[in-house]
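The chain that follows stands alone, in the form predicted on its own, written as structure tokens.
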């Protein structure tokens, strides 16, 4: 077995581990990072940018949202079930972290919202090589963090997953790992360890055990390779307390992410379930996590938003009510042609029909039930009053043209939680006392939304990952200094 030594050992090189590595080096610590995969960045390579409040970019854009406002919004959203000191540490750090990333070389396109009623907290990264931001843009941020960590002397062992933590007495003093390339066993001896392994989104069995979903049937979450709950398991093995676990639920479609789907995520759609019943005030469909909760309640964990060609003609002329935060362009442009292609490629998830009865049969809904629902809905639109779910009359537009629908499923960005930490990001035992030398950050510890991701404050999961990595490294540096 090869033995290496460092001041700090960081388990995994996602955005949280990368931020921790740079921060540790900035504090004069030697650091070794153990990474399971052949590349760094983790799930954040699929994202677009982190949350922040009080950044230079926001100030220059005359955005006046305050840390205090965000703090109260998040605490009220979770009914004060989360640790307010930890949340405060994160929020108060977040603006300076955006500045820190920018000074390091990360380029941001600006600050954005997920949807019209959300707050402008999403600092969207410009992709490597330039161009319009979109999915995977944050890979450029991870690359900058990685390159800066290397320049500061951080040692990365890629293709080298940690297998266990080393505990002597009551202290954690390192980690064991094994190279998947050579099979060599490695022991990293350190004064502190930060676990930042990103959750268990790539572990269907753990998803079933911890959250009760069958992957591929009940839920279709992002499966970032290697994110299998290793860090959570290792922490539990050395006495870390079992924290709350949730899936970070969102709307999902088996149709690949495309602009056309934004045409169905409009407040003027009629949203029904497999029983042909309307299930929501459709203005809520802008909020992907709240809509995911609605999907979760359905028999087959599906909903079916319905629009018609008359509505799409209106949107071509006037633009959509809810512009997408990920795609640019008008989804109503070339809508009919695009739907024809989707129906051919995904006949179980995209549908069109000239009559409501025909549409119901294609989806698998009882035709009489769907016809009755559409009749009642159109009557409400004609009366400009929605007595069922109180949708604003601004979005009550009857559907009497050629009908289109898609199936939307329950998805998730990944998992949340599993490891209990305090506001210093020290791992806690069941008695709420910290395990000396052991810290954790990122999605393994993320419980700041309660059970539902807070979409009105966008960028939070990536923001929490980066900021908790920084905060954990700073606290670990204080701990290491206290040992001398």
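Because the structure is a prediction, the values reported are computed rather than measured. Residue numbers count along the first chain shown, from 1.
This next part talks about the form predicted in complex with a small molecule, which is not shown.
- In summary, the region of this chain contacting the small molecule in the model of the complex, judged by heavy atoms within 4.5 Å and restricted to 417-425, 432-440, 41-49, 55-63, corresponds to 41-49.
- Between the small molecule and the residues 304, 413, 351, 108, the one pair within 4.5 Å by heavy atoms in the model of the complex involves 413.
- Just one of 30, 452, 27, 37 comes within 4.5 Å of the small molecule in the model of the complex, counting any heavy atom, and that one is 37.
- By the criterion of a heavy atom within 4.5 Å, residue 329 is excluded from the residues contacting the small molecule in the model of the complex.
- The shortest heavy atom separation between residue 226 and the small molecule in the model of the complex is within 4.5 Å.
- When the small molecule is considered in the model of the complex, residue 367 lies well away from it, no heavy atom lying within 4.5 Å.
- The small molecule is not drawn, but in the model of the complex it has a heavy atom within 4.5 Å of residue 462.
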